[in-house]
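Okay, so here's just one chain, in structure tokens, the form predicted on its own.
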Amino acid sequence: MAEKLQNLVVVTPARVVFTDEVRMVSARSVAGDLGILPDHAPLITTLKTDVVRIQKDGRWRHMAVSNGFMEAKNNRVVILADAAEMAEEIDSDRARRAKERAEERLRSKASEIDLVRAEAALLRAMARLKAIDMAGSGRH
């Protein structure tokens, strides 16, 4: 018997990042980690900047997501995010440099530094690097 699937759509202001039928979506919400399988109860939640894991055909894919919302309803999961990138799209050198820049800004404690923006940039870079690491190691 074929595994039951649900539709996943990930959208940012710039583009549709992902759309496919998948078995499971795993994401970090403000309330904790969530695993969404077909026939999940309706849900709307705010997502943290982290990695969304997607399972289809027994394989996992990884996506860095920056802020956003997730809705699960009627075997359809929709993620609306500020930014999202599949692990294979991420430039690891660029992500590392962004992490280093954000860390330096936070260390400097200069009065002109916008701490909220610097912390958000650090979280985005860390999520991007984590997605690459998870995809490369085969971890889910």
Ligand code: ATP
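Note that the coordinates shown come from a computational prediction; the quantities given were computed from them, not determined experimentally. Quick note: we count residues from 1 along the sequence shown, nothing fancier.
In what follows, reference is made to the form predicted together with this ligand, a form of this protein that is not presented.
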**OP:** Answer with one of E100, D33, E89, E71: the residue that has a non-hydrogen atom within 4.5 Å of this ligand in the predicted bound form.
**Re:** E89
Original post:
Pick from 39-47, 107-115, 54-62, 77-85: which stretch has a heavy atom within 4.5 Å of this ligand in the predicted bound form?
Top reply: 77-85
Original post:
With a 4.5 Å heavy atom cut-off, would you call R124 a contact of this ligand in the predicted bound form?
Top reply: yes
